[in-house]
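What follows is one chain in structure tokens, specifically the form predicted alone.
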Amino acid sequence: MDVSSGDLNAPHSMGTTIIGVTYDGGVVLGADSRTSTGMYVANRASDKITQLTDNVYICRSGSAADSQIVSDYVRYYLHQHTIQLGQPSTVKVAANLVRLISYNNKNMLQTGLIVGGWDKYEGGKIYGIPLGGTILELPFTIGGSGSSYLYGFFDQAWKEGMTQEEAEQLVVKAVSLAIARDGASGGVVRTVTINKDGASRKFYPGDTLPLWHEELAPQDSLLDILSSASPEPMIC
């Protein structure tokens, strides 16, 4: 967005990194936390993994407003669906609702989404719904601006039959790699693991993530140094 030109309505870049991975028994979803508006970081600790039902979550990328409103609509419809059926929604039903809304509004929405969850009929499932409203069932999928740096890594690192711990470590490593290379991805890493026992969230602060080639280690800011130093007594 070129602010100097005075055109505040000009298109601006939006970036993120979102990941969904299946493992033997469930799925792991992961995302960074940076919400950017062009060169400006609007929110450095946003939560891009949104709960749709107890057993289904969605990762959001692209326009935050568009992805949030799609998530809100789908959550409402799934709540009604659950009441009518008397049982939790399947992952496929949730993903197809996201696909339906995305496709019917493809000329107005700028959002790519990943739906993941577990149900008693098909187990852990991951669905990718990119721009335009296509739906793809995949063993793993990645999205957002940081995904450009991760396709080759996932081709090499992902494998069938991974354990939960291996899948969680893979997702955290992948997001940290994207953060290292993609200027629009950053902040902390959040993950959600969903299996027959339910959903569990994990949080990885930015200073605990591994450093990659030419990355600089985090340094204390001037405010941190000043706040930790004991104030000297005033002498009158």
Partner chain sequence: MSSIGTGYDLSVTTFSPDGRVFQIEYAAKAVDNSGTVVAIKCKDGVVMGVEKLIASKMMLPGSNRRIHSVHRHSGMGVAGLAADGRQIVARAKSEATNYEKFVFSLVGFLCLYFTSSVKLGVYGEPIPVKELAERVASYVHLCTLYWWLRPFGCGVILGGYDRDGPQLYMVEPSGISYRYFGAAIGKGRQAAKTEIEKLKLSEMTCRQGVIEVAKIIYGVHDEAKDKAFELEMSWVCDESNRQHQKPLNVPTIRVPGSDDVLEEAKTAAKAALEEMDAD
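Numbering follows the first chain given and starts at 1. It should be emphasised that the depicted structure is a prediction, and the values quoted were computed from it without experimental measurement.
As for the form predicted in complex with its partner chain, it is not shown, yet the points below apply to it.
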Requested in this report: Check whether residue 100 has any heavy atom within 4.5 Å of a heavy atom of its partner chain in the predicted bound form, and answer yes or no.
Outcome: yes
Query raised in the report: Using heavy atoms and a 4.5 Å limit, would one call residue 77 a contact residue for its partner chain in the predicted bound form?
Result: yes
**Report entry** Contact label in the predicted bound form: residue 93 to its partner chain, heavy atom within 4.5 Å
**Finding:** yes
Query raised in the report: Is residue 154 a contact residue for its partner chain in the predicted bound form, using a 4.5 Å heavy atom cut-off?
Result: no
Query raised in the report: Looking at 159-167, 132-140, 79-87, 145-153, which one sits within 4.5 Å of its partner chain in the predicted bound form if you count heavy atoms only?
Result: 79-87
Query raised in the report: Though the partner is not shown here, which residues of 167-199 have a heavy atom within 4.5 Å of its partner chain in the predicted bound form?
Result: none
